[in-house]
Every structure is written in C-alpha cells, then in structure tokens.
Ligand code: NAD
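Below sits a lone chain in structure tokens, taken as the form predicted alone.
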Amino acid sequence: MLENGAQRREYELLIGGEWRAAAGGARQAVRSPFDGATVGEVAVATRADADAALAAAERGAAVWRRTPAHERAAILNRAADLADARAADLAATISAENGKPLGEALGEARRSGAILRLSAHEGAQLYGQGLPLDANPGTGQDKVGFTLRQPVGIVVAITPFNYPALLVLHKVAPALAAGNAVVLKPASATPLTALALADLLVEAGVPDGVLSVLTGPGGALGDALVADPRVRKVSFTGSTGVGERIARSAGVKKLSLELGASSPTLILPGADIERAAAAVAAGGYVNAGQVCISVQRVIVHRDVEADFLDALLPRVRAIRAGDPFAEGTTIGPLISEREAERVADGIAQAVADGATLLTGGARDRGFVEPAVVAGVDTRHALAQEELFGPAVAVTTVDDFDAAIAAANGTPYGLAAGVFGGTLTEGVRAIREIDAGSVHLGWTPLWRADLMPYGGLKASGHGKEGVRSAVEEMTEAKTVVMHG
C-alpha cells in the first residue's frame, strides 16, 4: 500500500480475455496529480495492439450478440455486486490518479454498481413495435411487419480523466448490455480505474473478446480505432477539437460526441439567494471545476447582484484545498500542473482585460485557488471557451432578455441552470435556452444516470444516459412477413 492509502496497481492490456504486454513492450507510470508519486503502471499500446483488440472484438461480438439478454444481465449484475464490494478500493484508486478528494471519489465509486444494474435492466428491454402495414394503400392483411433491435457490433469508447469510473461505465455498461463488444481507450492520466472496472467485469463472466482495454497516448491509438471499418459505433467524451477530428476520420458509423461546454446559471429577481449561492459554490468548484456541466458562467440580474455575491464569496473562500486523502479537503489539484497554469493564465487574462477578481485565482503547483471573476463580458475568452477549472465568471445583465442572450452567447450548449424569475420567464428559459438540459431551481451540475444527457451546438451530438445509450448502441431492423 502507498502512504496515502491507495493500492499501487500494475496492469497489462486486456485483449481477447487475456492480460498481455503491449506489442512494443513499453510501459508508463501513472502519477498522482497531488504529489507526483507513482500510483501505478500500465502498458503502452501500439497500433498492432489496437488491431489485435479489434480482431478479438469481432470474435467476441459474434458470441455476445447471440447470448440471451437475461444471461448478459446476470453477468452485469454480478459485476455490480463486485463494484459495490470494492467501492472503497475503487475510490482510493480514483483519488490517487485523479486527485479529487476521497469523499468525492467515494460518491463516484458507489454509483458504479447502480449504473451496471440499470444497464443490465435496459439491455433486457429492447422492445420492437408492430407495423400496421395494411394501412398502406394496395396492401391487404396478408403481411405482418414489426421492428426489432440488434447490437451495432463493435463499439469504441474513448473516455476522459475527470470521472474515470462514471464516464467509463456510462459507455461500457450500456454497450455490453445491448450485446456489443467494446474496445475501451481510457484517458492516459487515469487508466487505473478503467482497468479495475474491466477486471471485475472479466471476473463477473464477460466472455473473451467482448471487452478489451488499451492504455497509452490517445493520438495515433485513437485514430487507428476510430477509422477502422470494423467499428460500428464511437462514443467519445472530450474536447470539441478532438471530437471534430473524430468526426472527420470516422467514416460511415454511428457517433456519440460529448464535447466542450461553458455552462451558464441565471440568477434572476425572486431567486432564493442563499440556495443559489450554495448551489453555485458547489457546482462551480467540485472536482476542481473539471466537469463538463460545471457552473462556468453566472449571469446575474443587476437588481440581485450585490446580495448574490455577498452570499457566494464566503462560501467560495471556505473551500479547502489539500491532500485528496486528508480529512477536511474539499478540493484537490487539477489533473496536471500544465492544466493549472492554463487555468490561472485564463483568469489573469480576464482581469487584465478589465474584469475584477473578487477572490482566488492564485496558483500553487497543480492547485488553483477557487476564483470568482466579476464584470466578465460574454464575448471574453473566460466565458466563450471551456475553462475546466475552479473559477466562475460573473456577467451582469439588466433584464431577462439580456440574460437569455448571454446564456446563448457562446458556441456551446450542454446544460444551463436558472434561479428565480416568474413562471412565464421559467417557461421561456426552458424553450429559449439552447442547451441539452435546463434546470429550473438548480445549476447545470446535476445528472441522473437514467436521464438523456448530451449537448447542442458545439457541445456535440448524441445522448448518453443508460436508456439513451442502449438505444444509440443498437440498430432497428424492419421485418416483413409476406403471406
């Protein structure tokens, strides 16, 4: 065991049901963002390994699609039981390689079993529909038509570092439940959690070839997986730039792309200021702000701005940075010192361009002090570009129409929140804010694992959430029986 309580892990690649060394023999250390300590070691996959994984997936997909749904569900439910039993170990791994506080990591780990169970259920509910063919002119009652759903075949899942358990399972579990084979490429910074989850899926009985995990840098490896014609579905979460690259190289296959964001929260007259401030203080800084649906922008009506900031600032200043495994730590480091430099520079640039830093913003190695920046023009980079760090940009508006314009004033549209306003304004916000989800009475930082999840505009296309993912990882087939 390491001093911080996380067990050091050493993994090979998972290909065809076997843990094997990479073709090139290379390995790399996985390091803690907090202190740089080595917390594990993984193999570095090559294009040859990618080809081997896809060949194994072809064989695995042929077996898995013929496996009855109740058998697939039983395996996923066994995996869920294992995930529950290992939640503490999984949380320690998440904290060690990601840097988030242990309590936060434990909350993530404890959702793992629930996602597996929900996927097992949804994968066994692939209903088709009857077709009223006799309603077509010239057709009698001598034909019967219906649809059925079948797995797409091979799914490539590419996941980010910020939620190394949840975002892996939101792709892998629905894909497996629907009868697909999966090749998983987890983030290079946080591969250990993904490998631990794969280990328990194999232990639960997932057949050889149905799940492969390739670790290593994503550039050439991702290109090899995404462009391969054997792959029928790519599910990716990450930056808009990488998503655009995937869309250009994927060819004719199904894509789900959950990309960048700059999510707004509107604070309008009539808002419960204390509730709104508490929600923003959580929603802007959890996981060091490294959340797609983090509160990056607060759009506040001038009439309530002073009261809102008076309530928000003490809460932000009370956030405690430190060792993810130490009691009392509420925010950890960013995933790397380079990321911390980028975030701190973005805050400093906004201030240099005329915004006001009300609190925070200083950098110490991989940590950035939680910041509130007021007077940010919607056109400024701090509002326009995804920050992915612990800072909230505050923009003041004079009326509801200006608030809606500001909310829609970026290329992104993942999620939005609204506090206060009249009933009429709430209805207008639901209809007029261009975002994949709109929360009345809360910030964008809320997600149920069963709900559809995905963005509009440059935030991507396709939906996650277990039921939506199962649907997107299957294809509908029309069957007509001629009498």
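All values derive from a computational prediction rather than experimental measurement. Start at 1 with the first residue shown and count on from there.
What comes next is about the form predicted together with the named molecule, which does not appear here.
**Q.** Listed range touching the named molecule, judged in the predicted complex by heavy atoms within 4.5 Å, from 160-168, 302-310, 391-399, 348-356
**A.** One stretch meets the cut-off, namely 160-168.
Q: Note which of Ala61, Leu414, Leu54, Val42 lies within 4.5 Å of the named molecule in the predicted complex, where distance is taken over heavy atoms; exactly one does.
A: Of Ala61, Leu414, Leu54, Val42, the residue with a heavy atom within 4.5 Å of the named molecule in the predicted complex is Leu414.
Q. Since exactly one of Ala288, Ile94, Val182, Ala261 fits, which has a heavy atom within 4.5 Å of the named molecule in the predicted complex?
A. Comparing distances to the named molecule in the predicted complex, the residue within 4.5 Å is Ala261.
Q) With a 4.5 Å heavy atom cut-off, would you call Gly251 a contact of the named molecule in the predicted complex? A) Result no; Gly251 lies far from the named molecule in the predicted complex.
Q: Answer with yes or no whether Pro151 is in contact with the named molecule in the predicted complex, where contact means some heavy atom within 4.5 Å.
A: Contact check for Pro151: no, nothing within 4.5 Å of the named molecule in the predicted complex.
Q) Is Asp223 a contact residue for the named molecule in the predicted complex, using a 4.5 Å heavy atom cut-off? A) Output for Asp223 is yes: heavy atoms within 4.5 Å of the named molecule.
(Q) in the predicted complex, is there a heavy atom of the named molecule that lies within 4.5 Å of any heavy atom of Ile246, even though the partner is absent here? (A) Heavy-atom contact with the named molecule at 4.5 Å: present for Ile246.
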